[in-house]
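Here's a solo chain for you in structure tokens, the form predicted on its own.
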Amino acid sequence: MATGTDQVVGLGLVAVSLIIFIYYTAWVILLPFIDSQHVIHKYFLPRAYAVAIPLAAGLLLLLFVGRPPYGAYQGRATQDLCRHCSPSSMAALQTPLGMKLFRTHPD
């Protein structure tokens, strides 16, 4: 069961997502049918951004999702060693990013 903090954070994320969805839907679907001189247009960005913002967000998502933060695995390789073997007896593997990984015991 989720704690109270988890539920509040989840509710906040759902609320922000709902607000963004309603704003974007009104901006893209409803606004083109409203007269361009109407006062409501001052609360929305120009329509060119309706494509540019999601495109930029999608590109950023593709670039950064699935990549570990720089230095996230520093020192973690030695924690996974077999307790029967010493680090000096293990063959170290050098990864393309410069991290050292150790082969585990062949049990």
Partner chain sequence: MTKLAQWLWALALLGSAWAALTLGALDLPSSCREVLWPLPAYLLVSAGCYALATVGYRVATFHDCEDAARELQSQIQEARADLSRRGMRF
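Bear in mind the structure is a predicted one, so any value in this text is a computation, not a measurement. Residue numbers count along the first chain shown, from 1.
As for the form predicted together with its partner chain, it is not shown, yet the points below apply to it.
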{"query": "Thr3, Val14 and Val28 each touching its partner chain in the predicted complex (heavy atom, 4.5 Å)", "finding": "yes"}
{"query": "4.5 angstroms heavy atom contact with its partner chain in the predicted complex for Ala48", "finding": "yes"}
{"query": "Distance check, Pro54 to its partner chain in the predicted complex, heavy atom within 4.5 Å", "finding": "yes"}
{"query": "Pro32, heavy atom within 4.5 angstroms of its partner chain in the predicted complex", "finding": "yes"}
